[in-house]
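Shown here is one chain on its own, the form predicted on its own, set out as structure tokens.
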């Protein structure tokens, strides 16, 4: 059972995992720091508590900790209760959602295991925006994508902002690095996947006409703005596009991913 502990001193060392989250070079969720996983808000904390990530502690105002009571049953971690003002002093900003939880990272599945069990994958190149990455993971979870493979230039999916924007679904959708790039895409073909590169180019096949529904498909997605590199496009089996109305050239990468995931279901 979680141990509820009242905190009255913002300098209490037991809160160090939550300290200075707005200071980039000190943030504990940075890989260069302690690499911790931080969940923000009741729903995301619930998903962290239900995930394989080993929870270290919680920090929140009393009413938020009480809401989480049933989810804390059987979990022997401290739940620190503090005022909103004390939390803001520790964290570095006012936390509207009223509760945080911190966990250690959990091992991700190896690439071979993920490729062997999946039917639909997202493969990302250069998706460095934390919010786009989090939204993409949320869409992947909602639309039954089995995993996400990360090529060069992608942000860490476990940054606090990505975890928050994903509504915690980054904690349940498995992900792995795909290396080398882009020749690592050959591993997908060897496991029976079609590699479909999503691009706004007029020469690409419309998604509805690509014949991918029900197949083992890896959707290749690039950064918003520049899109996929020429090397990545050349390494795909085919290029597909979402037809656009006149005057609109493309969608946000997470939105485009959602359309593609639905089209290949």
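Positions refer to the first chain, counted from 1. Here the structure is a predicted model, which means the values were calculated and not measured.
Only in words, not in the display: the form predicted together with a further copy of the same chain, which the text now covers.
Every residue of 138, 144 and 208 near a further copy of the same chain in the predicted bound form, heavy atom within 4.5 Å: Judged in the predicted bound form, 138, 144 and 208 all sit within 4.5 Å of a further copy of the same chain.
message: Based on heavy atom distances of 4.5 Å or less, which listed stretch (57 to 65, 230 to 238, 200 to 208, 215 to 223) is in contact with a further copy of the same chain in the predicted bound form?
response: Going through the listed ranges, the match is 200 to 208.
query: Does the 4.5 Å heavy atom contact test between residue 71 and a further copy of the same chain in the predicted bound form come out positive?
result: Outside the cut-off, so no.
message: Taking a further copy of the same chain as it sits in the predicted bound form, is residue 11 near enough to touch it, meaning that at least one heavy atom pair lies within 4.5 angstroms?
response: The answer is no: residue 11 has no heavy atom within 4.5 Å of a further copy of the same chain.
field: Interface membership of residue 7, a further copy of the same chain in the predicted bound form, 4.5 Å heavy atom rule
entry: No, residue 7 sits far enough from a further copy of the same chain in the predicted bound form that none of its heavy atoms falls within 4.5 Å.
field: residue 2, heavy atom within 4.5 angstroms of a further copy of the same chain in the predicted bound form
entry: Judged by the heavy-atom cut-off of 4.5 Å, residue 2 is well away from a further copy of the same chain in the predicted bound form.
query: Looking at a further copy of the same chain in the predicted bound form, which residues in 226 to 255 have at least one heavy atom within 4.5 Å of it?
result: Counting only heavy atoms within 4.5 Å of a further copy of the same chain in the predicted bound form, the contacting residues of 226 to 255 are 242, 243, 244, 245, 246, 247, 248, 249, 250, 251, 252, 255.
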